[in-house]
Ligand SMILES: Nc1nc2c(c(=O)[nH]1)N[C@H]1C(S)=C(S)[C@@H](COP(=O)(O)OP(=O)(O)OC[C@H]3O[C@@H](n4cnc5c(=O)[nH]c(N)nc54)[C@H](O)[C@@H]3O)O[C@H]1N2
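Next up: a single chain in structure tokens, the form predicted on its own.
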């Protein structure tokens, strides 16, 4: 298993570790023991050798001179980033001594792990860490910032994180990219769409911003933020009214069609147009195009679910393929995610049986600021942060930073860099890159599992999450065998269960030999879904029992102020959340943080293209360069990217975002905030 490390020169298989649905197969080129080039692996059946510029320039990140080499201890005030070098022994002893004292005084729930998927490796993202904190009895983190709202809404309709095999979408004649900037965040779905287009497919994008994907489409439909569910209901209205539904499919594979037919009468195109900003004639055209084209495929993105009504929005969109029977047509149907097909045995991996107190409190990660500042019983006295950068990424980030500033809060950060969050830490631990670890990877879009073998030596004194939690377990005096398992042990355990029949033929040895393997799958229909009825639930009794409307409905987002603009801080092309936002190469490719405004709004505000604007609400303020165009509707402001803090800048866009929870799944409502905008006091002018 160390053979790749020991070979100083050559080309070696690898995996992209980023939190991205594509999870590309990679080839890394080594010279004198260092990676000098990263390219796509042409043998991978889905990604086929094509990779994004983020990863193509990964060497700039892994060999960045600012990368952490050894453990650090804070010596100055929090947020000032003054640290001195310490040994690993001193770091582990400092952490475990403090934790033992906190457990003695306030109990283990005074300690909170805070993590997300900066590295998508199953072992390092949700393996030994979960085992360790379960054994400790620490407060549990509800990791809901990304797709929990949409997953909940989709599950009420379809029963699980299941869709069509993306490889089949080359057969589609209509592809709707709904709320996803796939050119920047799911590039191989775009490659598949291009193949379908060559065979006559039409591509439609529905989004709040005419981004790269909007420009790629044959027809871009702009929509007001938070109204996607209303548009889906308007499409249903036309499909039923004009008899464009597949009645035999509805009769055989769904429940609630009659109730839904009556329910959507109220969502006529004129009414829906007033809600969404989509012209009435376009609603008719969209519905007829969808109803009359087969196979038709919908790629459901993460964007629409980041609203107060995000779960219900995805619930509504997920009903559409059932109305036209597209699940029975190769190339038709939908994908929200496919993680259920590739999911290993999470109980074997995470060992929840180690948690003795099953009533241990759960804290939603979107409410970190509130959790740190609001008195609790017990109060959170320590954070261990890894795989994420909440000072940039978390909603209402000024509140988060006020919480991180607490002098009595003992904070440990494990990362590759001294991030904005690490500046608040008491102890900072250097993390390995994914190229230095053995790990198991599973996509949540395509159906392949991949193995990452270590390719390069550890950078300085860096350690993986798995290693760190083994050391912490030893320092705490935890003797459980599960906390001593090797990486190979954990992968075998994760693959050894028969809970997921799609993985029954995938073994550790075959992954090591072949690099990747496809989970077994078959079309969802004919078959039984994992819903209570075994069918697509257009009417959901489970939703009714949980206090939700049992039929898909449109509920407007919260109007949290009278400020004039809806603000959507979307993803950017060359960063992934805050990853790469402090790396010079990637910043130079992205150029600058921008705010997109409609020409009419910019004219009223007296702001010219390339000038800087001040954007503010009661949570915070930013200054961004304005791109004046027609890529957004009037009353909408869209920024792109989570840029790192730089001296003399005000570009922390999540200082503006609300930390309200979505309607279901405890998700984030990052895109449901309102802001005011004015020309910056100091006039800047930049070339856009």
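Here the structure is a predicted model, which means the values were calculated and not measured. Numbering follows the first chain given and starts at 1.
Separately, the form predicted together with the ligand exists; it is not shown, and the next lines address it.
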Under a 4.5 angstroms heavy atom criterion, identify the one residue in 223, 455, 383, 538 near the ligand in the model of the complex. 223
Just one of 133, 290, 116, 424 has a heavy atom within 4.5 Å of the ligand in the model of the complex. Which one? 116
If we define contact as a non-hydrogen atom of the residue within 4.5 angstroms of the partner, is residue 145 a contact of the ligand in the model of the complex? yes
Could you confirm whether residue 586 comes within 4.5 Å of the ligand in the model of the complex, counting heavy atoms only? no
If we define contact as a non-hydrogen atom of the residue within 4.5 angstroms of the partner, is residue 657 a contact of the ligand in the model of the complex? yes
Just checking whether residue 21 would be counted as a contact of the ligand in the model of the complex - the rule being heavy atoms within 4.5 angstroms. yes
Partner absent here, but in the model of the complex, which of 609-617, 344-352, 226-234, 76-84 has residues with a heavy atom within 4.5 Å of the ligand? 226-234
Do any residues of 572-586 have a non-hydrogen atom within 4.5 angstroms of the ligand in the model of the complex? If so, which ones, in sequence order? 572, 573, 575, 576, 577, 578, 579
